[in-house]
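The chain that follows stands alone, in the form predicted on its own, written as structure tokens.
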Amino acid sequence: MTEKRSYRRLESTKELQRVMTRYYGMSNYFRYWGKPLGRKLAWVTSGAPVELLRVFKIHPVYPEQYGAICGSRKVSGELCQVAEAQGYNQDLCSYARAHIGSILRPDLAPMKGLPKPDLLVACTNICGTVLKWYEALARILQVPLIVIDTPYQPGEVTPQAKQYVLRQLEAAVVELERVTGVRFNEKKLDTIAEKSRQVTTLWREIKDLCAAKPSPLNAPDLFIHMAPIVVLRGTDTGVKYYSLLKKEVEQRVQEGVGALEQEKVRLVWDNIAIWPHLFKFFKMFTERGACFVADTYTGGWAMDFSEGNTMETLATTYTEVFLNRSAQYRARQIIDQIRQFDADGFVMHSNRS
């Protein structure tokens, strides 16, 4: 007799698996067949302005997402030990240690590690670790590193901060032209940024649908289906996928179908997922009718691409990411989510990744 599930799976998950398999298949194409059609590959931080890379037909790969994969495959511990044996301290981010471990021991790593990049792009808006992490990668791999430094914003993004980041984006364009031998095309950037605007808007709208009672999604759904918002911003595939997901979520709302069989308690989740035990951890909540209707983590990619000059928009958008804001700003964000989604409480998770 099969155990009755306390939550409902999304049909869109099948398409998600296909989309992500194709994405990583493209990444591995670089390993086994070289650079297709002269394209280059970059390792980038999850909050980097990837739209610029797509102008130059650079394929982006995300070590942070790979760190989550290592966690979900339950190999992070062993890979972290490999990095620690080379002097990387236990107190460092587990994403960084697991990823560095995968470079040093690809035989232990999922997909035998990530294909070697032609360049690295780090944006400091996600966390303080990435700068030193990517400096270490540049030393290990002997490849160019582009750093976009986004100054910490205690309040609204200042004109000075915007100009500071804009100048760096312009310098990055010059470096990307040098690395690829391709001239920058501003109209192409506009087209790609518009696709990012569509993708992030769809993701925000999907998350907002969870204000319905019962909520059509639970935190594990949000964590799993956030994958394309990280790796496929600026693409037709991203737009197509989130259009499909939104349609399914809207149908659940219209039919009064919730993520759980019976929703009794509504909660907000703060911070990253517990990747090695994603469903196992949340099972103790779902069995009791507790649904996480909102979270702070997956909203990090629900960016608002404003109208106007695209380079200026990128400078603002990637500087005002919520992880680059003050504790007061983030506290207000949780309070706003509790009110918007009519939550009964919240859970805060602190970890080293």
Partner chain sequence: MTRSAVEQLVETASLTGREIMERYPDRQFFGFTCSYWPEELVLAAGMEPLRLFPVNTRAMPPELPSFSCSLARGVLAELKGTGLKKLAGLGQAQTCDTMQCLGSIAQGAFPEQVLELVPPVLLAAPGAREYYHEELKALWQKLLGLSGEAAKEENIAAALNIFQRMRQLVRQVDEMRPRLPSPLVASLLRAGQLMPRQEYVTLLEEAVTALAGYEETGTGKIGILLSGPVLEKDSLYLMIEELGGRVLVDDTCTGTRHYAEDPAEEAGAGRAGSVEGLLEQVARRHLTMPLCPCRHRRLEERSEYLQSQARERGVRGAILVVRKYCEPHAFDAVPVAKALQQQGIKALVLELEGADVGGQERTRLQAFLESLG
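Residue numbers count along the first chain shown, from 1. These figures come from a predicted structure and were not determined experimentally.
There is also a form predicted together with the partner chain; it is not shown, and the following applies to it.
Using a 4.5 angstroms heavy atom cutoff to the partner chain in the model of the complex, none of E64, T313 and Q340 count as contacting.
Figure note: of the listed segments 212-220, 249-257, 178-186, 127-135, the one touching the partner chain in the model of the complex, with heavy atoms no more than 4.5 Å away, is 127-135. Of the residues A193, A227, V173, A161, just one reaches the partner chain in the model of the complex with a heavy atom at 4.5 Å or closer; this is A161.
Proximity of E261 to the partner chain in the model of the complex falls outside the 4.5 Å heavy atom cutoff. Using a 4.5 Å cutoff between non-hydrogen atoms, S326 counts as a contact of the partner chain in the model of the complex. Proximity of L145 to the partner chain in the model of the complex: non-hydrogen atoms within 4.5 Å are present. For P276, no non-hydrogen atom is located within 4.5 Å of the partner chain in the model of the complex, even though that partner is not displayed. Contacts to the partner chain in the model of the complex (heavy atom within 4.5 Å) from stretch 224-247: none.
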